[in-house]
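Quick heads-up: it's one chain on its own, the form predicted on its own, in structure tokens.
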């Protein structure tokens, strides 16, 4: 790659002052139409320039025949045209002064067209312009009301930055985060990683005040040492969670054919992740569970943990999960045990797990959780609620959120039940408390917080 193509920072990728959409279309269902509509309707406040010689206007905006005909400056170009024409358009973007080209188009190295991708890079490198892609679905940055993707429009604002090498998976997960009430700060599709790659994005996002945790779906990297250095530096600033696909022999081949990545030995990636302080998740569910916990912004002081529950069985399952992943469940000191007994009937248990029993009200949950959080012997609290006919899950969730809001210690909650518990889980997430539907996922997410703290304290030396 021409070194000049790597010049410049990525501010224009996340906070562009103006955007040209090359390939903008008046036809709903066309990628150029959906990207332009998302940019407009998500609330982007900068200048927007549709570019397509076939249209005079698109979605109420004047349309220009070429980028060079745009009257104002162009910070970012979003390119959604046939691959053969992309290098010429990227060259025009460079001449126009654009700082970054977001190349949606497919048909490059992922299908063997390596020389065409090199032409694209040479065209960008001549102007010192960065390239995201090709073979991607776009980029979103919620603090700037930017959604330059052809995925779902109403991405929820939050503090999780998600980098994905798979377009279809990324689009699907965009919709899933909306349904689950999970907020994102950024969403970046990297595709072939011809220029902008994980290293670049880790550098920018690790300094972004709107991002608390970086989540990566990765099929492979092209420059392992560069990734190691970038991840080591970034993980000292904020947690990085990676889902590395291609663990099996056939999975490696599938990853290589998907985006042309060097998938490589899974053991090598494991070693790199350990050395750089990256937390490796083994499923999409696990990765987002952990990311939600980190998004709360609470870093545990230690591993001393108390479980507060209204269901004995849930408490036992959480105990098993906590012990397997390394959480230390403490025996409550006498004064804390006495405080717990204030919030339970005589047949409750003030041991750990603290069983408030199935009749526990919102007041009793709030009191017990607050008592645990305020005690010096406790670093973290797991709250487990099993839906019963005599309690309102949303009232319980609101009570837990109030108690959590009075402390900076980590709280992770389970809301298990029907539709009311699903709504309660979303309520907790909206108030900054990570919430899950099972005891195991709740405990394992809190374990990720503790593990990251240990990694950071040990200088990202691995485990």
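Only a predicted model underlies this, so the values are computations on that prediction, with no experimental measurement involved. Positions refer to the first chain, counted from 1.
Although it is not shown, the form predicted together with a small molecule is what the next lines describe.
Chemist: Report yes if any heavy atom of residue 445 sits within 4.5 Å of a heavy atom of the small molecule in the predicted bound form; otherwise report no.
Modeler: Although the small molecule is absent here, residue 445 would stay clear of it in the predicted bound form, with no heavy atoms inside 4.5 Å.
Chemist: Does any part of residue 358 reach within 4.5 Å of the small molecule in the predicted bound form? Heavy atoms only, please.
Modeler: No, residue 358 is distant from the partner.
Chemist: Looking in the predicted bound form, any heavy atom of residue 388 within 4.5 Å of the small molecule?
Modeler: Flag for residue 388 set to no.
Chemist: With the partner left out here, check for me: in the predicted bound form, does some heavy atom of residue 82 sit within 4.5 Å of the small molecule?
Modeler: Contact check for residue 82: yes, within 4.5 Å of the small molecule in the predicted bound form.
Chemist: Under a 4.5 angstroms heavy atom criterion, identify the one residue in 307, 371, 136, 146 near the small molecule in the predicted bound form.
Modeler: It is 136.
Chemist: Among 53, 437, 43, 405, which has any heavy atom within 4.5 Å of the small molecule in the predicted bound form?
Modeler: Answer to the contact question: 53.
Chemist: When the small molecule is placed as it is in the predicted bound form, which of 121-129, 221-229, 74-82, 202-210 ends up with heavy atoms within 4.5 Å of it?
Modeler: That would be stretch 74-82.
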